[in-house]
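The chain below stands alone and is given in structure tokens; this is the form predicted on its own.
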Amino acid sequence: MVLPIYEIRSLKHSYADQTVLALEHLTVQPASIVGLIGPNGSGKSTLLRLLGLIERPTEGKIFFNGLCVEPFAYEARFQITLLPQEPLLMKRSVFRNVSYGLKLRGNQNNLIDRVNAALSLVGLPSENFARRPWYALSGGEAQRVALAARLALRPKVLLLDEPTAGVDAASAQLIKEASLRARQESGTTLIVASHDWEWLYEVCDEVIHLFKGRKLGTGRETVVFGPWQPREDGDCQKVLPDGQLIIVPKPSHPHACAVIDRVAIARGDKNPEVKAEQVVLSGIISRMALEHASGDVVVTILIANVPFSVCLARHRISSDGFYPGCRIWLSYDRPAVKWI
């Protein structure tokens, strides 16, 4: 049995008495790629800082390679590195930025070669960039230098917080490729928080959906925000801009969000028959992404301005004639709606 590189037990983390993260149990396997998705404020960055051993959890334990570890633990501090969403470069040349971590760890063997190799991975040839000062870099180049500084360390775990946010398309592609090569060539475990869910589904062994600091599922779930209007039959509804109704059972509290994770879709020109306790909506497929872990296709359907997600076997995509832009019918059972 392979020992998880990470195991979380009964973890809670709070700021100013407000709990921002609560995970009962979570494991990450060595050399795997794990994606973290969820809206802003869902706890993704907090989880990465805790896994990076930068902060101490308010409650609970974090195990690394079977050992219970605390911030800056000797057993793990040189094996884990975090690339934050807005990394800051030191006021020095590109070469000195990338080599700094190696020097700090006393690992100066083949220093020039390791720095050059790391810069090459992120598409910054050393002959053009090694001597360049930090202020002469574009935003995308600075992000790639920051990533190169971490790749040069050849870490066991690379934590990435929105690595492609706010950079140009070319830089984003190079950052993605360099990150994946670290896993392929060095067996590095990657944990990536990103809003680029299509990329995550394509490359990740597991995708974790965080919402309000808790693990909601795999990201296939649809979360619908209120406000909810009461109905005469005791249920509640949300009126969409096109007049369609999302109907749900009475929420658990006024600010609750509906979680709809059992969705079916079908094509057809006529309105389908509506079964008891079933809601049927009309929408358009906006995008599709192949899920690496299962080989299925994650389909996003836009119902007015609300995106729904459903996972389909690949053979259904061709047999049922689904494609981005086609209009479909979506259905779900009201009693199956959950609240968070």
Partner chain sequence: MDFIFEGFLQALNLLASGNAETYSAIIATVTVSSYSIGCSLLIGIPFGFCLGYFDFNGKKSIRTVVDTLMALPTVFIGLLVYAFLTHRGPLGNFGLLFTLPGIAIGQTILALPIVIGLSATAVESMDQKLGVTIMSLGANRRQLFFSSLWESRHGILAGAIAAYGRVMTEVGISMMVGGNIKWHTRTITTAIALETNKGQFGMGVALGLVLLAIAFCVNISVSFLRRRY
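Numbering follows the first chain given and starts at 1. Heads up, when I say rigid core I mean the largest set of C-alphas that superpose within 1.5 Å between the two forms. Here the structure is a predicted model, which is why all the values come from computation and not from measurement.
What comes next is about the form predicted together with the partner chain, which does not appear here.
Here the chain stands by itself, but in the predicted complex one stretch of 97-105, 252-260, 239-247, 180-188, 97-105, has heavy atoms within 4.5 Å of the partner chain. Site annotation in the predicted complex: the residue of A142, L153, L121, V167 reaching within 4.5 Å of the partner chain with a heavy atom is L153. A heavy atom within 4.5 Å of the partner chain in the predicted complex is found for exactly one of I33, V306, L53, L281: L53. A residue is said to contact a partner when one of its heavy atoms sits within 4.5 Å of a partner heavy atom; E86 meets this definition for the partner chain in the predicted complex. None of the heavy atoms of S171 is located within 4.5 Å of the partner chain in the predicted complex. The shortest heavy atom separation between G226 and the partner chain in the predicted complex exceeds 4.5 Å. Taking non-hydrogen atoms only, K91 approaches the partner chain to within 4.5 angstroms in the predicted complex. Each of F78, L82 and W134 is positioned with at least one heavy atom within 4.5 Å of the partner chain in the predicted complex. Once both forms are fitted on their core, a CA shift of 2 Å or more is seen for S93 between this form and the one not shown.
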